[in-house]
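This document opens with one chain alone, in structure tokens, the form predicted alone.
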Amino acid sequence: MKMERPVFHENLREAFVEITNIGLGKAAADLSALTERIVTISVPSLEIFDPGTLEQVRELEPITSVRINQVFTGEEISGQGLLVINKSGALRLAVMLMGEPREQDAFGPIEQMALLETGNIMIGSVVGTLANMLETHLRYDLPILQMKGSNGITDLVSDIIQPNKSFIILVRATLSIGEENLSGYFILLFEENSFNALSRLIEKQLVAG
């Protein structure tokens, strides 16, 4: 049975953009305090994909990526937040965060801890902003870091979504520490019921505002 696609009007997309910008702004401030360096995170674009349009995000070259994902659950909405960076970029980010050079191509426990902390901060900030806006409480699992080979975004999430039932909010983000810039993806995943509940809650807030 083909799922009927919901209507996404511009105000709803703009609400997601605002939530993401506020959340990543908080994350940048927390990372600045952690590293004692100036950190900024910008959002070049944000797109919403439903199950009928997921194939449109198969646009990446075959790469090995570092994926950090964290599950969040609540009474009304549940989902996952992800930070996705290609392997070489993840190594650069770990060095940038630690502020000291490491052995070339080394990806050990220290680098993984630095990236897990970054993912935890970014996901917690964005999802926390969303929860505060909607006045709802969420619980968080511990973040998980994995290496994923992929031909596109959908390959990166195929093991953690239900086919034909999941929605993706895809954010292309640029993280800067000092003069170093790094591009990656911040992703929110929701199943159909949770995404529809999320949309209704946001619509309610927009009307009330």
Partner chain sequence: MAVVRVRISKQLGNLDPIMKIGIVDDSSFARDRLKSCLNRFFPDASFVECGDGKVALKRLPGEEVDFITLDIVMPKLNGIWVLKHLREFDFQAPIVILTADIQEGTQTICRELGCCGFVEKPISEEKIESMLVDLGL
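Here the rigid core means the biggest group of C-alpha atoms that line up within 1.5 Å when the two forms are laid on top of each other. Residue numbers count along the first chain shown, from 1. Model, not experiment: these values are computed from the prediction.
The form predicted together with the partner chain exists for this protein as well; it is not shown, and the discussion that follows is about that form.
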Answer for residue 80 alone: is it within 4.5 Å of the partner chain in the model of the complex, judged on heavy atom distances? no
Residue 70: heavy atom within 4.5 Å of the partner chain in the model of the complex? yes
In the model of the complex, is there a heavy atom of the partner chain that lies within 4.5 Å of any heavy atom of residue 26, even though the partner is absent here? yes
Hey, in the model of the complex, is residue 86 touching the partner chain, heavy atoms inside 4.5 Å? no
Given that the partner chain is left out here, which of 147, 34, 160, 144 has a heavy atom within 4.5 Å of it in the model of the complex? 34
Any chance 15, 47 and 171 all have a heavy atom within 4.5 Å of the partner chain in the model of the complex? no
Note that the partner chain is not shown here; using its position in the model of the complex, name the residues of 128 to 142 with a heavy atom within 4.5 Å of it, in sequence order. 128, 129, 131, 132, 136, 137, 138, 140, 141, 142
Is residue 24 one of the residues whose C-alpha moves 2 Å or more between the shown form and the other one after the core fit? yes
Verify the C-alpha shift of residue 144 between the shown form and the other one: is it 2 Å or more after superposing the core? no
Note yes or no: does the Cα of residue 70 move by 2 Å or more between the shown form and the other one after the core is superposed? no
